[in-house]
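Given as structure tokens, the chain that follows is alone and in the form predicted on its own.
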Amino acid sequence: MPHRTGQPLHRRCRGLALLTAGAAATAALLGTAPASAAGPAPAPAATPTLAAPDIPVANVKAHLSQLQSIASSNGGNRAHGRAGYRASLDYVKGKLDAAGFTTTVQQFTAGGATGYNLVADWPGGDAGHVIFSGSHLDSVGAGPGINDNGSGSAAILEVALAVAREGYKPDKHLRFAWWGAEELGMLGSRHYVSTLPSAERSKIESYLNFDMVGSPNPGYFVYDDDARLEKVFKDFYASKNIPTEIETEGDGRSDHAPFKNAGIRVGGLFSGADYIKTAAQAQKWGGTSGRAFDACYHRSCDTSANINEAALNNNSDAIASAVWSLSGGSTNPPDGKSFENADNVQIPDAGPAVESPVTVTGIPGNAPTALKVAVDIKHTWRGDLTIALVGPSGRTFGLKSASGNDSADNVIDTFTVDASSETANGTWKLRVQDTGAQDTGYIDSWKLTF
């Protein structure tokens, strides 16, 4: 989020460049923009609307760790025109490309340096109704910008990867963007909107902005620019018994402003910057009153330690909920692909573990949250067996432990594991060990289904 230029204006007091004063006033009162200026009328959502998946906060934090490492290796920041920004963009682009998104890098010039926007489109959906989520990727020069705005960038990245993981088929078209030079005055998003043909602008049904969603002394603020989008977020938080407030602190100071000024419906979330948390806010949200929501705002201490995990988790889930509910659609894992190894592998009696490999290819992004592992092991005393799945990174997922009470023969079963922390493509292994003497067996076959 860029520096202030005087006191922020309340959202309802700022005029829109493309609306008349009378139309703007009407739009403000109703919480909507006139149909002639606010993009396409919402297309009917699919019935019933699928619930969004849970977004693993560990995955979001892993992206933040990468952004921290990039900043640490590039002069301590990820600012416009610096090597750390381009490395951040390359990291995000690599994840999206592997997940099957169509990515575009848009260049612009600001302050004598080349800036970059990254735009990612998920194939399919009605291109005449675009649900657009965005976040600025740059930091200020003073620090790594992990809350401002690594948090928003990592959250929408993981939501985008969840779209791919779940094989989500939205009724409306999904687009995500990571903006450059926001800290200089929303220059990247302004460039994007100003160069977008009017016919393409009119296809954007909603733009959702996420700038600082993991503040260490957090609040839960919801943009009130559009009544429908505001309700989507408020309904989510109400379901979690989390109170919200209208966001006024960052009004007009982030990347939703160029979209709103072009007559596009906007919404979003914010967890607070350098304003002070009141006693009433601390009572309903926790944290410390009399302190800033983010005391490290625009400072060198905005590191990976400057994040509230609960706020990051709640806001990431809220983003996914909005994307799913606004776009409608169905879930169908990519082709329901299975990968099997039917070669027999002998299991030594009371011996070392053995492994049977399966190589997975052609699956974009990470493995699903419900990866199916079908196992067929012939053995005369299954209680001796310890069984695990080993992912491409070497991470182990326990499937079965040895047990003296498990006296049956054979292990013929299908296990379900949350393997979303692993890249789908690569070599997976079934690891089996016989921990007791006098019984023998072998891996007959095993299969992974995505």
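Just so we're clear, the structure is a prediction, and the values are computed from it rather than from any experiment. One-based numbering along the sequence shown.
Although it is not shown, the form predicted together with tryptophan is what the next lines describe.
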Distance check, Asp148 to tryptophan in the predicted complex, heavy atom within 4.5 Å: yes
Any non-hydrogen atom of Tyr297 within 4.5 angstroms of tryptophan in the predicted complex: yes
Tryptophan contact in the predicted complex: His173, any heavy atom under 4.5 Å: no
4.5 Å heavy atom contact, Tyr220 to tryptophan in the predicted complex: no
Region of this chain that lies against tryptophan in the predicted complex, out of 156-164, 360-368, 252-260, 100-108 [heavy atom, 4.5 Å]: 252-260
Sole residue of Glu205, Asp317, Asp224, Glu183 within 4.5 Å of tryptophan in the predicted complex, by heavy atom: Glu183
In the predicted complex, the residue from Ile347, Ala273, Val130, Ala120 that sits within 4.5 Å of tryptophan by heavy atoms: Ala273
Residues within 4.5 Å of tryptophan in the predicted complex, restricted to 201-216 and counted by heavy atom: Asp211, Met212
